[in-house]
Ligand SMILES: Cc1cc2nc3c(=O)[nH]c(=O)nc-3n(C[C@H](O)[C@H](O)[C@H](O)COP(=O)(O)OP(=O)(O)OC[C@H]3O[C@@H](n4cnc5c(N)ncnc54)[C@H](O)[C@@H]3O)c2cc1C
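In the block that follows, a single chain appears as structure tokens, in the form predicted alone.
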Amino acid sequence: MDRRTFSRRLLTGLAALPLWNLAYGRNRNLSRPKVIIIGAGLAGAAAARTLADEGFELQVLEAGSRVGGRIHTFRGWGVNLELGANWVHNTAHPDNQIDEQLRQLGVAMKKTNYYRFQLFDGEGQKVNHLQALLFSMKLQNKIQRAWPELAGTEDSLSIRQVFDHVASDSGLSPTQQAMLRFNREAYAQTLAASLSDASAGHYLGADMGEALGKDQLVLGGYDTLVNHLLQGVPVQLHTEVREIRQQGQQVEVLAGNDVFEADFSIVTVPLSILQNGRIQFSPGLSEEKARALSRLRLGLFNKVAMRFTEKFWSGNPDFLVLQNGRSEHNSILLNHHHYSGQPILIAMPVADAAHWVEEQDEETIQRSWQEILHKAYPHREIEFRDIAVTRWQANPFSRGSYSFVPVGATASDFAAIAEPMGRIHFAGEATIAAFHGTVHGAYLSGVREAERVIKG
């Protein structure tokens, strides 16, 4: 379904439903269509809620030990920390209803100001904030002016190649290098990907700054929304699906030694699970879907949450931006104190830095950040109280964070993955081009597939 018709479809209500559903509304004794939903993340939860409200019989199968998928709220430190998705992005978009739903559930949020940051150079010196903002504006202007020169080649270029074309590291002062690295890192964090892999043609042609100032940081527990959507819906945990078969008008889902039968299934697993063939399909995937799966990529975005005995950093910006000396990534930290009043910083490594985190133990990671922070604050006492580290690549049921478009892929690949195979439907953030990599993208995709099932 076209996203722009989403609200209109909701208003049409029963007029869009098939005859069997109208009959069910008149006679509750008639057999209810059954749907098996694979995955209890937000896409699966949204699909389940939509279908449950229309009287469908449901069964949600989740391979992991909890619901939420890549939404994971951690409450071990007496404060809600999101170890997975953390923001509601693009809240001004008319199709995005996530922030309103969270408000109705009483979940606290706070607006993020991406212009409120404190940047440090490679020597540990603070960079003038106005100077950093002006540098970013000039860099964006250079990129826009470069497009006519790159006409005809942009689809084969990575974002990093475009950055190098307009501003290389050579000949820059430590301050200028810090500002350039910050801008590259900001793009990389948006995509959870190395800029050497990400498609310039897809991303730089769009207005990457459109959502600035329109994002909300979730403070009251993102999992509240998932739990609300799944209320009253049967969810079976620790159930890894290995095969989905369509036979006539029925779908069989094989998980372990169990076989589940239904009229439809909705697959909401992450992109990587479809790519690595952990779920087999009969009949097999179409060539177009298989090609799309081979082209898109799942990025990696980890978190290193650090709680200290006291706040040692000055000021209270939304972000601290440090240079680690090991790579161009791993430098942006969310200042959780600004939001919660707690002495917590959350590093957000992506790409190679996120992979580095996967390979290290907590002691090594803490020691690394002790050095980085001490360089910026040499005269402050920095005492760790706790550290929490995510490893989304190592998670067998995610194998990464969220999708991005690499060089050689296009937006049409998302639609190809979303295309139903008879009675087998596909949802998730990697099936919705305009909002891939977002919570509301996952939500909208789940509603989209539920409505397709309702229509029959």
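All values reported here derive from a predicted model rather than from experimental measurement. Don't overthink the numbering: it's just position in the shown sequence, from 1.
This protein has a second form, the form predicted together with this ligand, left out of what is shown; the following refers to that one.
- Checking 204, 293, 345, 273 for any heavy atom within 4.5 Å of this ligand in the predicted complex turns up a single hit: 273.
- Listed residues 289, 336, 297, 89 were compared with this ligand in the predicted complex; 89 is the one with a heavy atom within 4.5 Å.
- Remark: of stretches 418-426, 404-412, 48-56, 64-72, the one touching this ligand in the predicted complex is 64-72 (heavy atom within 4.5 Å).
- In the predicted complex, residue 38 approaches this ligand with a heavy atom inside 4.5 Å.
- When contacts are judged by a 4.5 Å heavy atom cut-off, residue 323 does not count as touching this ligand in the predicted complex.
- This ligand is not drawn, but in the predicted complex it has no heavy atom within 4.5 Å of residue 225.
- Residue contact with this ligand in the predicted complex: residue 239 places a heavy atom within 4.5 Å of it.
- Contact residues in stretch 102-134 (any heavy atom within 4.5 Å of this ligand, taken in the predicted complex) are absent; none meets the cut-off.
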